[in-house]
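We give structure tokens for two forms of one protein chain below, kept apart as structure 1 and structure 2.
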Structure 1
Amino acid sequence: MRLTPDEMVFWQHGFLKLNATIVFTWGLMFALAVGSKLITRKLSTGLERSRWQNLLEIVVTAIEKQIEDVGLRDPKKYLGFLGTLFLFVATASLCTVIPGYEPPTGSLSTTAALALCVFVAVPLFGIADQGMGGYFKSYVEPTFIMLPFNIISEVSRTLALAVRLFGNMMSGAMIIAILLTITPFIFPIVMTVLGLLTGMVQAYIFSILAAVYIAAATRTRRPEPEPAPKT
């Protein structure tokens, strides 16, 4: 019994290897990129537009709206990073309905990679927003004594991000696998539906948490301007 798709290795040459996680990730990347390309190839700027364009517009504007609701003033700036996080995680869990597919997010390596990206992106966005000094100063707020705790909090939340997503996705796949051995009919389907739901929830949680961290990093010293046009 396999815990992660990392263990399914198709090709290995010393340090380099090609396991199921990477292959499925490529598949998802290909599907997302080609699908977006096909739909946005002929976008309409008028009032009449295709259903696919409508769908993508809904998705994009919803993500934008969520980022804005979290408290980031310029959502378009973070749309690329946060939106892609959500779309990748959501697509990865949605595709579990395909037989033989193993979600890449069920691999701790993938979730750790995503958490590391967030871990790196947060200070980057923070520095870009309020400068190097301004950002690092937030670690000694309110006092210098808080610096180690702030650093620990930074690291631990990254770990928590990675483990939370991994645990949820892996558990979903594990439960289905176990149920298939016990009750091959009906129940696996129910659990698959449940898995879809938890997958969507985890995608939302992951990206929203990342947004919150970024927001915390970018507005630390700001006297919280009017909470934007929160709707």
Structure 2
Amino acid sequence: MRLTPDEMVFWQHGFLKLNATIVFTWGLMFALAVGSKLITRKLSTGLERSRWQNLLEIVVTAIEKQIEDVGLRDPKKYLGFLGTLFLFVATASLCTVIPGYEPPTGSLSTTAALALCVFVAVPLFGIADQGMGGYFKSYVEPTFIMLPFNIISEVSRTLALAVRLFGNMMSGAMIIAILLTITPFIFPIVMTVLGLLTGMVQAYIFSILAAVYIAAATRTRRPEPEPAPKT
């Protein structure tokens, strides 16, 4: 039983290695890129719309609503990044119904790359919202003594993102594989559905945590409504 898709090697020459993680990651990105191009090539603004456009609008609206609920003022500004994270992790899990496919999120290298994307995006969004000085000033608030602790917090939460997603995806795949080995004629469908549900939950958690980190970096606050004048 393979613990991660890294152990499935398709080609190797010396230290160069082409494993399942690389193949499935790039294949998944290619499928998402082609799929998005095909779905969005004939968008309609009229009353008659295709089923794919309706599905796309439902997904986009749901993601925007979740981003707004986290506390980010302009959801469309962060939709591209956070939506891509969610769709990649979710699609990686949904494709497990394909025979021979193993989700690349079951490899620590993939989850570490996703976490690094969040690590880079957080200060970029923070600087874009507050400026260079305003963002880095938050590292020394309320006193300069907090600087090392804030830096450690940035690094530790990036590691936590990578390890959490990797651990949950790998453990779920291992449990399903063990149960299917023990009782191959009883649990296949149930465990497959459970694996899909687990993958969707992990995609949601990962994207929401990324949104929370960005919201903390941009320090967005919803304006409080002005009190009505007393009559």
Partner chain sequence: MLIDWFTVGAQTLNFLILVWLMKRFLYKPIIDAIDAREKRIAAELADADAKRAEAQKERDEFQHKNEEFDRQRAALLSKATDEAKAERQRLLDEARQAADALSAKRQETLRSEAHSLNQAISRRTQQEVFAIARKALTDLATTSLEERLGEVFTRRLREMDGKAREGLAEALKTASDPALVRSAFDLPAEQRAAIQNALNETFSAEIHVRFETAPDLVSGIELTANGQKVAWSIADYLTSLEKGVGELLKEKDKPEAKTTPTPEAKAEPEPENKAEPKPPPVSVEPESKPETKAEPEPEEPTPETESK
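Numbering for residues begins at 1 and runs along the sequence of structure 1. If you're wondering where the values come from, they're calculated on a predicted model, not measured in any experiment. For the two forms, the rigid core is made up of the largest set of C-alpha atoms that agree within 1.5 Å on superposition.
Student: Between the two chains shown, which is the form predicted together with the partner chain?
Tutor: Answer 1, the form predicted together with the partner chain.
Student: After fitting the rigid core, is the C-alpha of L18 off by 2 Å or more between structure 1 and structure 2?
Tutor: Yes, the C-alpha position differs by at least 2 Å between structure 1 and structure 2.
Student: Would you tell me if V9 moves between structure 1 and structure 2 by 2 Å or more at its C-alpha, with the rigid core held superposed?
Tutor: Yes: V9 shifts by at least 2 Å between structure 1 and structure 2.
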